[in-house]
Ligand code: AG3
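One chain comes next, on its own, written out as structure tokens in the form predicted on its own.
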């Protein structure tokens, strides 16, 4: 008599899903995706949130990585703490863009700031960020924060108020963000800054396209007497090296760094520190065009 063995039928394995963002026609970044948490089309752009094993939740705008839970702190600390510890007495702070909330949340760490205004064009970015990135959106609950859903370009052009610091936390220079990199926009920002005001902007990666960073730097120099380029390491951004520009009416980020205030505040920061503040402005020889 033949023994009949019970066959065990295993369910088919779920397909392994990978996301790839091309940084050039020949290279990019790839990471595995557990699942898609959100996918939709806003009035301005496609918005996706992915759950990944390596970087946690990842936000994409038009298929490009904007932030991840694992490394967002680098970008948000470097675009805010550099100007905050350069300005001698910052009281008012304007953020153009930054709907994910990471920038205003880092500004809100500073008790000396009395008013924080954010102008974000895409309300859906704010809503989705508050749901899937609650750890970086705490700034929206701060009583000093005013959120305005609107066009940052028009806001700056018509603003009756003056700000001590302005940060342009924008996407790449195309689509709804294109005008945020223009000479005219920087001139309008200059006009809405206080007499000793400071502007910071993200200025792309010089590794793949130094001309884009050069153009931003050149446009800033047409309005501001002091413009400095600085760098930070952000693993999920193109090339892993990202640039920022600080443009100032009066203060130099190296000569006027307020180390005493930095030490006294003792903020819970993960990337920025006094050594990074100075070292970030040390550019590789290949970028001595700035």
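From a predicted model like this one, the values you see are computed outputs, not experimental measurements. Residue numbers count along the first chain shown, from 1.
Note that the form predicted together with this ligand isn't included here; everything after this is about it.
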Hey, of 248-256, 65-73, 31-39, 44-52, which bit sits against this ligand in the predicted bound form at 4.5 Å between non-hydrogen atoms?
-> 65-73
Which residue among 138, 170, 182, 194 has a heavy atom within 4.5 angstroms of this ligand in the predicted bound form?
-> 170
Report whether the minimum heavy atom distance between residue 100 and this ligand in the predicted bound form is within 4.5 Å.
-> yes
Residue 237, heavy atom within 4.5 angstroms of this ligand in the predicted bound form = yes
Any non-hydrogen atom of residue 80 within 4.5 angstroms of this ligand in the predicted bound form | no
Interface membership of residue 202, this ligand in the predicted bound form, 4.5 Å heavy atom rule | yes
Though the partner is not shown here, which residues of 20-58 have a heavy atom within 4.5 Å of this ligand in the predicted bound form?
-> 21
